[in-house]
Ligand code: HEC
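One chain comes next, on its own, written out as structure tokens in the form predicted alone.
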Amino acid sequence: MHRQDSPMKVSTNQAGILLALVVAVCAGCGTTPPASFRANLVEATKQRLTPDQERQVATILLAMFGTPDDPVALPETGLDEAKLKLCAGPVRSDIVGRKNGLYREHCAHCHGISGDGMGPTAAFLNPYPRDYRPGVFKFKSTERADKPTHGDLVRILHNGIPGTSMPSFALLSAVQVEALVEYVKYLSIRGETELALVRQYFELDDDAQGKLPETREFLVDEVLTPIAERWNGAADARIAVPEMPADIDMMASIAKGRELFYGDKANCVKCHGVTALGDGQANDYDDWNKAIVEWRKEVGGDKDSDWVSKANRVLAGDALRPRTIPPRNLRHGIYRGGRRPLDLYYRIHAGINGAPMPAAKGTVDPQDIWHIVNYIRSLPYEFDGELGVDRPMVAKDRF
């Protein structure tokens, strides 16, 4: 009877191949490719940049801002490079046990390495994480189009954003929070610079041969400095808030606020609905989603098949599916920008930058905004149009 070889028997050649594979795999163990910033391909493709122009933008940004592992802060940005180093790179501890890589540990899984709002968990969250690159922030103490102050960003990190997936980082040390705020500003300034460079190609004359000038006068003085100055001057754009009278008749103020809420001046009812449940205007988008919606329409109507094909690939891989932004349900008593009366005043006065929420500034007297604030704060406790002063509130009455 012929003896069959054991199925576990391996020839010398097979053993050599397996050994080579093991060595090859182990050679890569413990090594991680260096992190890199993701290019804003949506904007680059939208502006129809050539591959050479995309490479030029990437090269300029590398020289001006460095990499996610080794950031650079030019003096004109006003950024503290030591704080950036604390946040940059992989998560690790230095020789004295100080934690480094704070951004990647706490923020990148939602906001992405590049601050583009495209982290691994982003698609599962509603609302989506903030894309820092346009430099647009919703919840702040400055006028609508102005940058947030340093304190505004510290407050968001400390408190989180209720009603969203943005948690509170109050357990971090003050040094770590300050460093993360600096890194968020760094990502925004870098992103705004990238957008400015991409859009500058349409300003080129024929002599430029499709390339941006790489002089300090152009890159730093004309492009970077105006962006940095808006950040560094944010404190000067803080909203001037009149004091609420200490002896205000609260019931009368709430009644006046209700009148303004439903009236033509403030016209809050248009979006928040007649019941303030946020069931008015419901099919609008914020600026981040609106940009994708509008570009999808542009792509769909274009006849250039090669560009359409590239644009569709970019939309599929570098943009999240657009979602509408519902107005706030004011009966819940959950306010994303903060629940202090002052926070509500800021939102009503300036509106919400990047969102359809308009500003009452210019249509409602500054002092009267306090009446709207008081009315909004009363809404979770209102029953059939009257405040429930004669009976205790139960959970079902809040919705």
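The shown structure was predicted, so the numbers you read here are calculated from the model rather than taken from an experiment. Note that residue numbering begins at 1 and tracks the sequence as displayed.
We do not show the form predicted together with the ligand, though everything after this point is about it.
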Check your understanding: Counting only non-hydrogen atoms and a 4.5 angstroms cut-off, does R321 reach the ligand in the predicted bound form?
Key -> no
Review point. Using 4.5 Å between non-hydrogen atoms, is G300 touching the ligand in the predicted bound form?
Key: no
Check your understanding: Taking the shortest heavy atom distance, is G119 within 4.5 Å of the ligand in the predicted bound form?
Key -> no
Check your understanding: Closest heavy atom of F139 to the ligand in the predicted bound form, within 4.5 Å or not?
Key -> yes
Check your understanding: Is every one of L125, P129 and P327 in contact with the ligand in the predicted bound form, taking contact as a heavy atom within 4.5 Å?
Key -> yes
Check your understanding: Considering the ligand in the predicted bound form, which of A73, A276, C107, I227 comes within 4.5 Å of it through any heavy atom?
Key -> C107
Exercise for review: Counting non-hydrogen atoms within 4.5 angstroms of the ligand in the predicted bound form, say which of I239, V314, C271, L195 makes the cut.
Suggested key: C271
Check your understanding: If we take heavy atoms and a 4.5 Å cut-off, which stretch out of 218-226, 306-314, 292-300, 157-165 is in contact with the ligand in the predicted bound form?
Key -> 157-165
Review point. From first to last in sequence, which residues of 180-201 have any non-hydrogen atom within 4.5 angstroms of the ligand in the predicted bound form?
Key: L180, V184
